[in-house]
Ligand code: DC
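As structure tokens, one chain now follows by itself in the form predicted alone.
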């Protein structure tokens, strides 16, 4: 399989498994994995650290002027996220970040800032990238587009398990409410709203294991 110069866009709601699937596909298909969500989380982290809290009306133009982002592609298919040279891969995986990322990711200036990074990385690599508007906004001409979905209950189970495996206390009802709210917010975003591209392959992962979904995507890439 040749992977020269291809872009695989994986979109879907929070907890649909797109990140874990994309990482594994990257490893098996010889692609570089770009974690777009981690980039927005990094900007959120910087905002919380330097401004105290995330609120509407912040000058995000000045905030992004203070930020340099980088992702390192690892041999295990993952990527490490750096904020101003510091590895923040673990620091950005908290419920506090998740609760505040919405305002940050709604900002057009932030989206343009991050999209420019992503597009520059794609110019030099064959990539797989997940998000909510990758196939519609960031890479409308992506080589392959896939929209992963799953039921709210299944996504809640997955997110709860993810936190528990990291030793974090979890409130299942809180996580479910957060996912439902996030779905509504993401679908109503003014910029980069969550939606399926017309030419994207739709895949409901509720009753599929991660291995099954990875195999399906790898087969799709093989057919390019």
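These numbers come from a predicted model, not from an experiment. Numbering follows the first chain given and starts at 1.
There is another form of the same protein, the form predicted in complex with the ligand; it is not shown, and what comes next is about it.
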property	result
Interface residue in the predicted bound form among 46, 32, 182, 155, criterion: non-hydrogen atom within 4.5 angstroms of the ligand	182
is_contact(residue 101, the ligand) in the predicted bound form, heavy atom dist at most 4.5 Å	yes
Interface membership of residue 189, the ligand in the predicted bound form, 4.5 Å heavy atom rule	yes
4.5 angstroms heavy atom contact with the ligand in the predicted bound form for residue 40	yes
Heavy atom of residue 81 within 4.5 Å of the ligand in the predicted bound form	no
Candidate stretches 68-76, 82-90, 144-152, 131-139, one within 4.5 Å of the ligand in the predicted bound form by heavy atom	131-139
Heavy atom within 4.5 Å of the ligand in the predicted bound form - qualifying residues of 109-123	111
